[in-house]
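One chain comes next, on its own, written as structure tokens: the form predicted on its own.
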């Protein structure tokens, strides 16, 4: 009896079947946000690729041509267009791109990176399901993070465009300052609910009316 191949699913079907790690908190994020003060949301299903490659090699140069560059120093971020590359170590990087760059949605970023690496030493690993992304914005966003982040977040040191591995509420994350009052936080999926609730609790004082 001949085997029947499983039907291919469309990108729209693939996306509709996904459940984000913090989906159960989406209503709480909206209710706990204070417009103009501090707001929290989950950015779902970004494409994330872990790279391990020496920058100053042929493979590093080929990969850099796909990503728009590889950062050169601790905390630096490079890239082009909607694709960003975060420095995690001297030969370790995290590529962050829109969801549609993922192969399950018809994108070719991961395959292009694998082809750029070729048979040379290094790794290209799809980490899209490994982490989720929280975005914290507003003039009180730094104050919220400072309640449980081990980094010095003062803008004279933690400048816009910087991304570093750290802990928030004792949860390991990558923290990326994307603007003067905006941050992206990348926790592992298994810690997303805990960290989401921690951030909501840290935001609570700004949702409460001032006591005369």
Partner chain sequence: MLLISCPNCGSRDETEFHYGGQAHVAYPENPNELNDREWAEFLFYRDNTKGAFAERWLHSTGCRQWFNMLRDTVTYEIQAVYAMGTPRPAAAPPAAESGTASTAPDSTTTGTAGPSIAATSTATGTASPSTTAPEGATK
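What you see is a predicted model, and the numbers here were worked out from it, not measured in a lab. Residue numbers count along the first chain shown, from 1.
If you look for the form predicted together with the partner chain, you will not find it shown, but the lines that follow are about it.
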### Query
Taking heavy atoms only, is residue 88 within 4.5 angstroms of the partner chain in the predicted bound form?
yes
### Message
Against the partner chain in the predicted bound form, would residue 167 count as a contact residue? Criterion: heavy atoms within 4.5 Å.
### Response
yes
### Message
in the predicted bound form, is there a heavy atom of the partner chain that lies within 4.5 Å of any heavy atom of residue 151, even though the partner is absent here?
### Response
yes
### Query
Does residue 172 reach the partner chain in the predicted bound form, with heavy atoms at most 4.5 Å apart?
yes
### the partner chain in the predicted bound form reached by all of 52, 74 and 92, non-hydrogen atom within 4.5 Å
yes
### Query
If we take heavy atoms and a 4.5 Å cut-off, which stretch out of 58-66, 157-165, 34-42, 176-184 is in contact with the partner chain in the predicted bound form?
157-165
